[in-house]
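Next up: just one chain, as structure tokens, the form predicted on its own.
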């Protein structure tokens, strides 16, 4: 089998596993459910993944990599975009990614926690690296006068915890908003609580004309 065909088969198994996990939950899903969904033999499954947890971890790893790729450092010397515009771009990329992959968001943010020590360690490591990145970014912003004075660790904890709940509510249907509405509301919070008035007013976009659903 060629490399491209192997990659395509692996993706088929991953896609099928995500569907099964979303429908039955990780704990109740089985390898038989996955191979039945993708119409391959159990032996074919084991050519790619050692067990159910291995395919789960592959899904989780891929999603965490995509989230990480969405988040770029703020360049305070950027020639054309101020800090606010760059922050909005980060928020936009993460929200749009989450809304495009609701199944894996529910899996990563709801089902994965407490599932198994190794998975928990993987999630903690990602969270700790993201939190450190945010704390360091807030410190740089405070020195440059674009982030309000205050406890950067508290700011990071509230920001990450609130954003996580926002994504969960958005993908589970508890919060029915368009992507632009979610981005605008998130930036309104950030402008009022994190950015200084000078930074918050910079390059403000025209208000969204969209309306809430329902």
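In this text, all values refer to a predicted model and were calculated from it rather than measured experimentally. Numbering follows the first chain given and starts at 1.
Below, we refer to the form predicted in complex with the DNA, which is not included among the displayed structures.
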Interface stretch in the predicted bound form with the DNA - options 66-74, 48-56, 174-182, 155-163, non-hydrogen atom within 4.5 Å: 48-56
Partner proximity in the predicted bound form: residue 60 to the DNA, non-hydrogen atom cutoff 4.5 Å: no
The DNA contact at residue 188 in the predicted bound form, heavy atom, 4.5 Å: no
Exercise: residue 31 in contact with the DNA in the predicted bound form, heavy atom 4.5 Å: yes
Contact of residue 40 with the DNA in the predicted bound form (heavy atom, 4.5 Å): yes
Residues in 173-190 close to the DNA in the predicted bound form, defined by a heavy atom within 4.5 Å, in order: none
